[in-house]
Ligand SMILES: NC(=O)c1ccc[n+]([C@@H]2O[C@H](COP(=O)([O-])OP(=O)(O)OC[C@H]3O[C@@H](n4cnc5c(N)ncnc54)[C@H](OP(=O)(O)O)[C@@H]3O)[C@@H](O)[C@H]2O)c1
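A lone chain, given as structure tokens: the form predicted on its own.
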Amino acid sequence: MSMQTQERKHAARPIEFVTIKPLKLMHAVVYDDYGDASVLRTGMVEVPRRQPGQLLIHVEASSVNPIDYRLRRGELKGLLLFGFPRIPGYDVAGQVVDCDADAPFKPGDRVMAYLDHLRGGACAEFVTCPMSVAAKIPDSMSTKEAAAIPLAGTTALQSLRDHGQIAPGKRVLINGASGGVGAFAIQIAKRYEAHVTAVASGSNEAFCLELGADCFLDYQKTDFTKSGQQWDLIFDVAGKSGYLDARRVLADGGRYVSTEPNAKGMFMTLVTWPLSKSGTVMLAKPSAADLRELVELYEVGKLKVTIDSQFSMNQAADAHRRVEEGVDHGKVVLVNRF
């Protein structure tokens, strides 16, 4: 073997190590078994491979939703039949790294996405997702605000519009109005020109009224199911009231919508759909069109994003504990610092 051939072989090795290997691995928040927040750890996993029709996104921020800790605790084992390790999170805000040449996005675009992966995957340096679940972030919106919107905003919008059939003049009650979904629901309901009653703890009265609620009930003092009032739509964000209790304060033709995904709720959906007062357990569906609608509301000043607190990705366990213990109001955001 000649000296020149040997030099070429040795020269190629550093290039392979420096430029290829680091691109195969990324930091991520992972857990290897069900449990409390302490099971969350930072690890190295493979960068997901982008498929045609997908975006590869560098994650700059995410947020924590109740579904994240419920999945981590093993409450919904029946929905997740695959193994470990798992990466939590469904909300993504970041920049497009790679996409199809004819995509409506380009590398460098700021985007938000509600991941359609059943197990999540947002708490990592990179994610892939279909273009159909992502929307561009406007210049007027911060990355942290964008990260707070996807799952919670989509849940609120679809619950009221699609499942609740909200319309101008409808009387709407939102139970759990100060949390992430509830805060969005107040504003979306007002955008649809509904009359909104917000239910939360007394300390959140000013916050709910500032978002546009017409009336406020402190759940520690007033049980809305025994209030004698009636509503056309009851949106139980908190999952604290049941259909049978709420039914007595539903107007004829009224709708009860819950976000509590359990067997009892699913049975209620099946049994009550033909009744004049129906109940529905909703599961939000990722939708770029719905994200664009939420962005439009933000840009015209009709949707305010409230951030309860901020953590770095390597503090994911603390962020989960914060959501489990109960936020003051708004969303808990994770920024991509490992």
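Residues carry their position along the shown sequence, with the first being 1. None of the values given here were measured: they were computed from a predicted structure.
In what follows, reference is made to the form predicted in complex with the named molecule, a form of this protein that is not presented.
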Does the named molecule come within 4.5 Å of any heavy atom of P48 in the model of the complex?
-> no
Can any non-hydrogen atom of L283 be found within 4.5 angstroms of the named molecule in the model of the complex?
-> yes
Going by a heavy atom distance of 4.5 Å, is D318 a contact of the named molecule in the model of the complex?
-> no
Interface membership of P66, the named molecule in the model of the complex, 4.5 Å heavy atom rule | yes
Please name which of the stretches 225-233, 91-99, 121-129, 181-189 has residues with heavy atoms lying within 4.5 Å of the named molecule in the model of the complex.
-> 181-189
Of these, L160, A147, A200, A134, which has a heavy atom no more than 4.5 Å from the named molecule in the model of the complex?
-> A200
The listed residue (K77, K106, K240, K221) that reaches within 4.5 Å of the named molecule in the model of the complex by any heavy atom is K240
